[in-house]
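One chain comes next, on its own, written out as structure tokens in the form predicted on its own.
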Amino acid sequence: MKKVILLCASPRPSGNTYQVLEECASVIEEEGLEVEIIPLVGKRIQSCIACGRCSELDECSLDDGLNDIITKIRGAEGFIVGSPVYFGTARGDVMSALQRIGYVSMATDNFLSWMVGGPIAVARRGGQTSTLQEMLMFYLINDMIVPGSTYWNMVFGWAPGDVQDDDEGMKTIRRFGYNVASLIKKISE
């Protein structure tokens, strides 16, 4: 069965970013694909140290749990990353994770190439577009396929649950999830 991994960068187990990814995941499941949401909660993701050992090891040399996530991504056809916005950018740990995931892919078997997915940003008020642009660079440099939606993949919310009141944002995320699933199925034909 085709699978999509959704990486949640929120430090809160049931926060707004996680809720948005659950909404996206439910649409992908309705389309007949398997999904797994992987939270970064409690993980201490380190920055890449540019040691280059991933080409020898076929994984990252740093031992902080990211290799388990990389293994799951390797077995998927889709990869979506959701991040809350902190000071106009994505959380630092998710950017460290993406850089290391990309480095391992490029240094080994290019497992990200032609994978379908894209970024999602969640914020109280602003900074979503810069966060989307920041995360989108990961997708483009790794030869990935990013489908669009009816608007940018952003949802507004501050207190846990506020995202449920952003009808337009959630509609955009549902359409994005549908597009990811549809494209994966189309490529597989």
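All residue numbers refer to positions in the sequence shown, first residue = 1. Just so we're clear, the structure is a prediction, and the values are computed from it rather than from any experiment.
Omitted from view is the form predicted together with a small molecule, to which the following refers.
Contact annotation for G78: none of its heavy atoms lies within 4.5 Å of the small molecule in the predicted complex. The small molecule in the predicted complex is not approached by M154, whose heavy atoms all lie more than 4.5 angstroms from it.
The closest heavy atom approach of N179 to the small molecule in the predicted complex falls outside 4.5 Å.
Under a 4.5 angstroms non-hydrogen atom cutoff, the small molecule in the predicted complex lacks G148 among its neighbouring residues. Shown without its partner, this chain lists I73, M115, V85, M95 as candidates; in the predicted complex, only V85 has a non-hydrogen atom within 4.5 angstroms of the small molecule. If you check the small molecule in the predicted complex, you find no heavy atom from any of L66, R100 and S105 within 4.5 Å. Here the chain stands alone, but in the predicted complex its contact with the small molecule, taken as any heavy atom within 4.5 Å, falls in 118-126 among 118-126, 30-38, 135-143, 45-53.
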